[in-house]
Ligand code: C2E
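Quick heads-up: it's one chain on its own, the form predicted on its own, in structure tokens.
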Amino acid sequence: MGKNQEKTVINTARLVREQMSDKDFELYLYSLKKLAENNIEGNLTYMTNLYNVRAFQVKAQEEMLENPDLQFAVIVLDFANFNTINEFCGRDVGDGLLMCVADALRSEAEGKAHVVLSHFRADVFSFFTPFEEKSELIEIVNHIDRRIAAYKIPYKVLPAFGICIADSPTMAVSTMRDYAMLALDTIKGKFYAKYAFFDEKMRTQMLLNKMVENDIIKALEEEQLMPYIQPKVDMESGKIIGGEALVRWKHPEKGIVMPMKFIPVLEKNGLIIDVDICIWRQIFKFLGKRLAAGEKVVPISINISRQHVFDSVFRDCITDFSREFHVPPELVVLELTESGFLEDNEKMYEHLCYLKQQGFTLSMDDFGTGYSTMTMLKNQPMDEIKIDRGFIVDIENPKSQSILSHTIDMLHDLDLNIIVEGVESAAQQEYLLKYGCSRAQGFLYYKPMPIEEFETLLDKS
């Protein structure tokens, strides 16, 4: 059965159910069954002899339409490391694991009515079943997981289960499958979680992700993405000594969208590079305009996403903006998180050395949150270190004070500029000044603001 035929069958079944008499609808379901039975050999997945994805959707949809009084769910199983198993243990071992899963599903389905099993592809399986309580679904997951754990294999196997409960007897099984996969993706590869139910929070996030993907190109074209700037201050004098450019999305319908809502989506699809460049250009233009007018300027930090490690043109883009808007490189600070150095250390080192030679200041953001901090300090050509707010959240803790004071002393010894982010209280300010750190940013001084407000702030100062 072709994909279009499958959709036609499912959609037609949904539409005609209310229009047919009970007898006619029974005949319709009978013909649907025969359609699947007559093609049974072509609907089975090689090796495991379970339904393929198309046959699964037809058979499961049939069960739901024929049993509207029952509640159904789809459980999808996937492995976080199956390719690695094939690579290190051999394909025979991997195939044996797939057969183990298929047998575990068949064993769990034995004696139960209305259950449909599927081997979608590679290491992805599905278990469609009626149930009364969610605990029954968890029990099914645990039974299958125990069977997999008992399979002898010289490698740690990490199965994950996503579960979607039908919200109506006519819900599309293909949608249930997609939702179960979405739930599975939230825990795949995590040791501490075995299963996840699709819920309203995931649905909201899914809709938000789709909105971001659909609207971001237009947002870039229409300059809906704009820089907000959070000032950096000298804690001793209170003077503004710089700022950090942060992105905000002024959506025409949803208003201001905060970066945590769309940045993770853009990092996955690669469009974060375009967003970065959009913000960079606006910052260089802002500085160039004020310089041309003879107005006060301070260095502004721009963020470099880790995806730029693989984008060899990003450094040329920055230097081109500097020349286009006549902005001296020393007025632009390039901030990179520690994770940016973990993707391709050598390539990033090459980019940073080039930009430093051009006169740009290099800053390591979120210092202390990664695993290779000390190695990076030794190897990377940084000028400035931004100490993460996690160092000062519990500043009155003697251990926190000891770590912070020694960290500041070490950075001073390395002749690095220091700025602390996330300062929110007078107590934090007092301790930082005591330890010899005078530069900071945080809500104690200023929140991120539109570039126009920052400009007004500079004019007043």
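Note that the structure is predicted; figures quoted are calculated from it, not measured. In case it trips you up, residue 1 is the first one in the sequence shown, and so on.
There is also a form predicted together with this ligand; it is not shown, and the following applies to it.
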Which one, 257-265, 110-118, 199-207, 185-193, holds residues whose non-hydrogen atoms are within 4.5 Å of this ligand in the predicted bound form? 257-265
Is the gap between E62 and this ligand in the predicted bound form 4.5 Å or less for some heavy atom pair? no
Indicate whether R248 is a 4.5 Å heavy atom neighbour of this ligand in the predicted bound form. yes
Residue-level contact is defined here as any heavy atom of the residue lying within 4.5 Å of this ligand in the predicted bound form; does Q230 satisfy this criterion? yes
Distance check, N303 to this ligand in the predicted bound form, heavy atom within 4.5 Å: yes
Thinking of D276, E335 and D366 as one candidate spot, does this ligand come within 4.5 Å of a heavy atom in every one of them in the predicted bound form? yes
In the predicted bound form, the residue from V423, L432, I419, L50 with a non-hydrogen atom within 4.5 Å of this ligand is V423
